[in-house]
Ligand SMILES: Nc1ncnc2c1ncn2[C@@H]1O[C@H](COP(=O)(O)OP(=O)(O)OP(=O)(O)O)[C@@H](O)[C@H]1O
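Next up: a single chain in structure tokens, the form predicted on its own.
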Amino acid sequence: MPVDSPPPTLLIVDDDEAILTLVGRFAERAGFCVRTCAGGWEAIERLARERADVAVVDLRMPDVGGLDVLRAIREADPDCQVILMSGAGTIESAVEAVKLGAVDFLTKPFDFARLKALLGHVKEDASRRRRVLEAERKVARDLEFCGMIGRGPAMQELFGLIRRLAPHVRTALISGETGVGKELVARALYQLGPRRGRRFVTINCASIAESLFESELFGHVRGAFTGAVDSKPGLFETADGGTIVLDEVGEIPLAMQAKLLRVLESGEVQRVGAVEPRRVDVHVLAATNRDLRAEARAGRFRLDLFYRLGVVELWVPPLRERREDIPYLTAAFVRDAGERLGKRLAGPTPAAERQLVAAPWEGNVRELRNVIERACLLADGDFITEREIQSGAAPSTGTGTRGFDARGPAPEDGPAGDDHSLSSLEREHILTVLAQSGGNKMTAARRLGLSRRALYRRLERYGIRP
């Protein structure tokens, strides 16, 4: 355990003041930070705000019995280890306690040697968990490749492909779901390629109004249209000699696709209103979360442009297909968030990590990063618990904590009122962001990390009328 690690926390719950004092002094000498509660209700209320590494709970109390407190602890924080104690212990009580998840059952008067051994096991478990998390953090640093982390075969194959292609590729298509890190792949191709250090221009094609596409990409001359008081170079000219990334290339209007194809084929751009074209030398990396083959079959994307962009195609797998990477991504995100927030954070508890690994992650790595950042903000100890993960899963618009369903993805058109469906959480999140954006859909889409059209599809799906 690092020397600056805080001592583990012990919560003692008993209606006998003498027991609280006796066990408290013993635990403090054993290296624990001690908290005491004089009854079951007080303990349950306290555990809703704070976490403990271990709780020593009396079986018989006048307000709430020890077994009920144990159930509440197991529900609130599965990683908290519970030791039950009683002055009139029975085999039946001990068996019931173990079935509910207690690590042991002690009878009064105490066998302090046994209690010392149990507390020693708790300290060792906390120390072991820190060592595991530190190892995951080190592995995450070793695995990092141009800002991406991947230990599994799919990501390692992608990293190898990037290394081989980067020195030679001039045009590439990067596909994958929203939030998988397509822009990081584009940046890796740039950083490992011959044009690193030159201009790197990124444009989100979904954020440009259809009437302004040609001017934004290729520029215009003075007087070309109303409001064109000066000549303006387009983004292709700005990126001359370097690299341009066309993010969400599937959102480019069909009429503009033919002009983009001509630029890729000829290496020439023509400003709106200009007579003569201008030569540009630009590497073009396109990214999309759409299936452009299907879009081409449906007549929404030019097949010849798809083949021109897809000379080299790289596919980034979704997070649900590489769950073995989640602990290392989590370690990296916790490290970064802890440094920004000035917090000493070891990482998630075992139960929280199991929850993270099991979650559906429809928003992929971006969603995982956002959940971890919010959980780090909420964490009041050195471990992130299930409670922080659940609270960080989506902003709440009402009182109380919204649930985070780690059982699997919710149905695409599930009922909006189901508190445990990710669809309802997404609908609520969109409503919150729309309200914060004053109903401005373009601003809301930018804050949500969605394209304008993707936001419109979600508004239609959830029946939202801003």
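Take the two forms, superpose them, and find the largest set of C-alpha atoms that agree within 1.5 Å; that set is the rigid core. We number the residues from 1 along the sequence you see. If you're wondering where the values come from, they're calculated on a predicted model, not measured in any experiment.
What comes next is about the form predicted together with the ligand, which is not displayed.
The stretch that touches the ligand in the predicted complex, counting heavy atoms within 4.5 Å, is 141-149, out of 291-299, 78-86, 141-149, 260-268.
Among heavy atoms of residue 386, none comes within 4.5 Å of the ligand in the predicted complex. The ligand is not shown here, and in the predicted complex it never comes within 4.5 Å of any heavy atom of residue 215.
Although the partner is absent here, residue 71 lies well away from the ligand in the predicted complex, with no heavy atom inside 4.5 Å. At the 4.5 Å threshold, heavy atoms of residue 440 reach the ligand in the predicted complex. 183 is the sole member of 134, 324, 125, 183 with a non-hydrogen atom within 4.5 Å of the ligand in the predicted complex. For the residues 365, 282, 286, 331, the 4.5 Å heavy atom test against the ligand in the predicted complex is passed only by 365. Residues of 163-179 placing a heavy atom within 4.5 Å of the ligand in the predicted complex, in sequence order: 177, 178, 179. Once both forms are fitted on their rigid core, the CA atom of residue 60 lies less than 2 Å apart between this form and the one not shown. Taking 2 Å as the criterion, residue 442 counts as shifted between this form and the one not shown: its C-alpha moves by at least this amount when the rigid core is aligned. Note: residue 246-residue 439 Cα separation is 3 Å or more shorter in the predicted complex than here. The pair residue 286 and residue 443 approaches in the predicted complex: their C-alpha atoms are at least 3 Å nearer to each other than in the form depicted.
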